[in-house]
Ligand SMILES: Nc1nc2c(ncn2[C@@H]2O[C@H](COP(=O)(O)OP(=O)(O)O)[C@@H](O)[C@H]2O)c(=O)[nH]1
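First comes one chain, alone, set out as structure tokens in the form predicted alone.
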Amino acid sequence: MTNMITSACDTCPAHTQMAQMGLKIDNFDRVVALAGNPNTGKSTVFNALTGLKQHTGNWPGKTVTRAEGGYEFQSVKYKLVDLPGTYSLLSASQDEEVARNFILFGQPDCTIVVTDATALERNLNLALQVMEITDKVVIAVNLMDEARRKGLEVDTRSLARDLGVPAIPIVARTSEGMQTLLQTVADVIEGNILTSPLRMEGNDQYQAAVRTLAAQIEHLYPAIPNARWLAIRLLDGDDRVQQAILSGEVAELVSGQQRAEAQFSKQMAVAGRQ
């Protein structure tokens, strides 16, 4: 296996942010983030995908554990970033802040949200928050064996239709469904699967307020990756986001970004619930 840094890697939006966050940035073509609630088997998914090709440490300036690893699929090399296990991205803790900042400002090529098939309702709160930030999401419905054991029937096809992103049933412990997960992640990144994530709409007055505030944020930070999401958080009274904007922290994160041109193939679409 040759050691290389591809042009895609050099220009991918996550490249600079990963370097600033202390992650190794050599020898990969795509960046995939791994998110999920605690106790969903996220670490098992990470280990199943990366094997011994992983590194651990702390995120710079944080006491939060950082884990990264790599895997190869169909001759493409993927960097997998295991984000801290969290119940939300509302930045009430360092774990949540690290996860949120990486998905928002690191702009990984895809985010896998690991859920527990026996507790989907509880897990979907985080999934919906991730889907507010990025279109490139795949839901990994883990612990399907536990669901079967408990007599639970999980309709992942209906879940994918309602959420507007792929939902793949897996049992990470036995590798059941993992090849399908890898193929789906690759297809979402390459545009072979188009997603349409379910997002909060609100009434006309709310939408007008979001658009107005988002336009103001984009005026201040033209390269911001998701002004709409920041606008929603400000309207929701998120003190941490307000502090980041006022202190110039957002500007620092934005200035470190690099953008890559994306080409999309519309061979398949996942339609969100209307």
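Here the rigid core means the biggest group of C-alpha atoms that line up within 1.5 Å when the two forms are laid on top of each other. Given the structure is predicted, the values throughout are model-derived calculations rather than measurements. Residue numbers run from 1 along the displayed sequence.
The same protein also exists as the form predicted in complex with the ligand; that form is not shown, yet it is the one meant from here on.
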Original post:
Heavy atom to heavy atom, is L143 within 4.5 Å of the ligand in the model of the complex?
Top reply: yes
Original post:
At the 4.5 Å heavy atom threshold, is T50 in contact with the ligand in the model of the complex?
Top reply: no
Original post:
Is Q242 close enough to touch the ligand in the model of the complex, meaning at least one heavy atom pair within 4.5 Å?
Top reply: no
Original post:
Could you tell me if N27 has a non-hydrogen atom within 4.5 Å of the ligand in the model of the complex?
Top reply: no
Original post:
Of Q207, T44, T65, N226, which residue is found within 4.5 angstroms of the ligand in the model of the complex when only non-hydrogen atoms are counted?
Top reply: T44
Original post:
Which of these stretches, 227 to 235, 210 to 218, 66 to 74, 32 to 40, has heavy atoms within 4.5 Å of the ligand in the model of the complex?
Top reply: 32 to 40
Subject >> Threshold 2 Å Cα movement between the shown form and the other one for N47, core superposed >> reply: no
Original post:
Relative to what is shown, are the Cα atoms of K53 and V76 closer or farther apart in the model of the complex, where the gap shifts by 3 Å or more?
Top reply: farther
**OP:** Classify the change in Cα distance between Q54 and T40 in the model of the complex as closer or farther, relative to the shown form (magnitude of 3 Å or more).
**Re:** closer
